[in-house]
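One chain comes next, on its own, written out as structure tokens in the form predicted alone.
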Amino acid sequence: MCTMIAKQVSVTGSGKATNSWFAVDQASVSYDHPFDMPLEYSLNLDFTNQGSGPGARVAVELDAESARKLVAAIQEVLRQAEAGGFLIRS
């Protein structure tokens, strides 16, 4: 059964597809059936550029434990960057 758990957020960044980089303007996060991982459910991340078509996409599927580790690592890196004066919150 599909979970239908999904959220989209506007982002500013870059992603690398097969051979080139492209601007990323949207991230989609879902917890549902993966396309590739051999799991019933996974945390699915899709980074896209909505104006550039389906080729401008970077997709990642993670198991729940890996997703939690990634979130913690991102939070810790941003905390250190902010503490070091490298990150200015807008």
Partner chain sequence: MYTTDLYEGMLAETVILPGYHADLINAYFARPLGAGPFPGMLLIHHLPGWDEWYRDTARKFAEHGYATLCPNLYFRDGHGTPEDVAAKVRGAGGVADDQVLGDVAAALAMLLALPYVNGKAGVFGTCSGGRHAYLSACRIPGFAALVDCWGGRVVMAPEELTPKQPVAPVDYTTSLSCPVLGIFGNDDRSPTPQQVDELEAALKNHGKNYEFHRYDGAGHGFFYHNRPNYRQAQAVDGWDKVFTFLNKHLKGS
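Residue numbers count along the first chain shown, from 1. Quantities reported herein were computed from a predicted structural model and do not represent experimental measurements.
The following text describes the form predicted together with the partner chain, which does not appear among the structures shown.
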Would A6 count as a contact of the partner chain in the model of the complex, using a 4.5 angstroms cut-off between non-hydrogen atoms?
-> yes
Is there any non-hydrogen atom of D32 lying within 4.5 Å of the partner chain in the model of the complex?
-> yes
Taking the shortest heavy atom distance, is E40 within 4.5 Å of the partner chain in the model of the complex?
-> yes
Taking the shortest heavy atom distance, is D36 within 4.5 Å of the partner chain in the model of the complex?
-> yes
